[in-house]
Every structure is written in structure tokens, then in C-alpha cells.
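What follows is a single chain, given as C-alpha cells, in the form predicted on its own.
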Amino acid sequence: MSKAAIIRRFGGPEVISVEEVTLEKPGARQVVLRHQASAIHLADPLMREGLYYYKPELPAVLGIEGAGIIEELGPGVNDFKVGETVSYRFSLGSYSEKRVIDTHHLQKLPNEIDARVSVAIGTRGLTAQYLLRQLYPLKPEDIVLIHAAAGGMGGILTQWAKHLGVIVIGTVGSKEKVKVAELNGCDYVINYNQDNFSDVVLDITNNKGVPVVYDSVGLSAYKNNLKVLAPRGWFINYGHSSGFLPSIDAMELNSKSLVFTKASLKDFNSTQEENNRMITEVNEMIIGGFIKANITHEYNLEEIGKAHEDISNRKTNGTVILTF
């Protein structure tokens, strides 16, 4: 038996039910994994509401990223051993004490990285890798704008950008989050609820603007993102916490020869070779101490509804995880 957080209909946090479920024996090339930690992503409440691009078949156990210890092997499993610590991403079911999972989802964790750090950085680290290393070619001393710089994703982006020698302007939504963004490495921090961030960015850059914006906010930041970009600048959107972007006006981009992209991780790690290379680089950044997890909130399984409420109401900063 195992406890799991299940939804049988889409809706608010109240639709989550923590229940005892029967754990089946692992089949061919499957293992039983005992979770030590699960990521809680901004996308999770959207999936719970049925608003995410991926709509799970109901009933569903939520959570798409976890890490833990292998307890049992199914037939034909030769690449893993009982007792090994592994992680996975993009496999629904991580809000559970134990689960059966196909081995093709799993990666062994280096001894220097524990389960908590793995889920706190995992997908976010891979996202930072393609945003910073594969899209716009960052140069030392570039001045970039990173939104939500006190959040889990924004914090990792900021730390990695600083490792690359970049000057970072970060935005946050409260006075309390200013200090968090500074600790992440931001050279300048703007509270967008106090100041118009486009005015401050243009002042910092002497009206030149920035060569690239990393945007997870979406709708509410859209117009001001265009204002702060320098000619030939890159508008990189990878999220929409304030709402989806409007239709892109090609002539508006043409006014400064801007480049817009809404990039997705799946198109950068679509082969095993690409995925392994990206994971290796992220692990090197973690082990080298260049990016840190900044885990600020840990919830247990019975508290998962509250965790979703806190995330949706923007009561959290840093990285939020589920531990067992």
C-alpha cells in the first residue's frame, strides 16, 4: 500500500484527496520507487484545474517530478539496483509515497546530489540550461532582465547567469522578495508593484535597453518587455504566471528588429544524447556550487492542498517541494 494525492475531477485545492492505494508488482523494465521528495511546480495547480496544456486522464495522481530509492526490480531490469537513488521528470504520479515506474524515465543521482536538491533544481536546471546556453548567445558583461528573480526558476537562472559573468536586473513582487533576489545574485532588483520596471531598466542602461529578457510572467509584463529591449534584442518567454501572451504583432517586433521565442524544454532534450548532455551540465553546476536549490518551503503529503493554495496566492518564494 501507498498514500497518494489523487484528483477525480478538476477544480480548486479541495479536489485533492490523499488516499491509500494498492501498489501493483512492477512489470517488465519497471521498478518500485519509494519517494523521498517531489517537485511542486507552478504548473501543478494549473493541471489540477484542467487548464494546463497536458490534461491528465482522471482519476490521476498529481506531480510530474520525483526522486527516491529503488525498492524492487521488475523482470528485465539490468541497469538499476535495489537501494540506488534515482530521479525522474515528466511522469505523472510523484505525489505519492511509492509508485511503479518505467525505467526509461529514470536517471541515477550522483552521490553529491540528494533527492531534495534533485527535485528542487531538476527541471528548472534543465530549463535554465537551454535558456542560457542554447538560445541567445550570452556574453560576459551583458545586462539581462530576469523576471520573478526570487522564485525557484528565476533564482536558478540568476545564479547561472552570474556564473557566466552577466549583469542581472531582476524583478520581484514584494519588498520581502527583494532580499531573496539579491541573495540569488541580482545586481539590481525592481519591485514591480512599487516601480514601473521598464522605466527603471531604461534608467540603469542609460536608455540603451537590454539584449535579452527572460520572461515567465506573460501578459502583464508584455508591453514593458518590448520597451526595455535594445535593437536586435531577444524576448524569451517560457511562462505565463499573469496570463497568456497576446498575439504577437510582427510589425511591433520589426520596429526594433526584435526576436521573439516561446521555447520549450521538450524541443531541446528530445534525444537521449541531448538529454544526457544537459543533465551532466546541470549536475556539474550543482556539484560545483554554482547553483543552489534555495528550498524555502517543504510540505508533507497531507499538506499538498495548502501548498497549491500558497503557490497560487504567491505566498511562496524560492523553491517549494514535497517531502516524505
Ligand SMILES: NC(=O)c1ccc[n+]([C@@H]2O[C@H](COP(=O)([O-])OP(=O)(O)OC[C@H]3O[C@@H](n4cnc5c(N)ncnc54)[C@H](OP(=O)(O)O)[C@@H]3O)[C@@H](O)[C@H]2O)c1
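Since the model is a prediction, treat every value here as computed from it, not as a measurement. Start at 1 and count along the sequence shown; that's the residue number.
A second form of this protein, the form predicted in complex with the ligand, is not displayed here; the remarks below concern that form.
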- Of T85, S91, S241, S198, the one that lies within 4.5 Å of the ligand in the predicted bound form (heavy atoms): S241
- Which residue, T205, T123, N224, Q107, has a heavy atom that falls within 4.5 Å of the ligand in the predicted bound form? T123
- Task: Could you confirm whether S257 comes within 4.5 Å of the ligand in the predicted bound form, counting heavy atoms only?
- Result: no
- Taking 4.5 angstroms as the cut-off for heavy atoms, does T103 touch the ligand in the predicted bound form? no
- Can any non-hydrogen atom of G170 be found within 4.5 angstroms of the ligand in the predicted bound form? no
- Query: Is K177 close to the ligand in the predicted bound form, meaning a heavy atom pair under 4.5 Å apart or at it?
  - Reply: yes
- Query: Would the ligand in the predicted bound form be within 4.5 angstroms of a non-hydrogen atom of every residue among Y130, Y192 and T316?
  - Reply: yes
- Based on heavy atom distances of at most 4.5 Å to the ligand in the predicted bound form, which listed stretch, 162-170, 227-235, 146-154, 75-83, is the contact stretch? 146-154
- Mind listing which residues of 34-52 have a heavy atom within 4.5 Å of the ligand in the predicted bound form? H41, L42
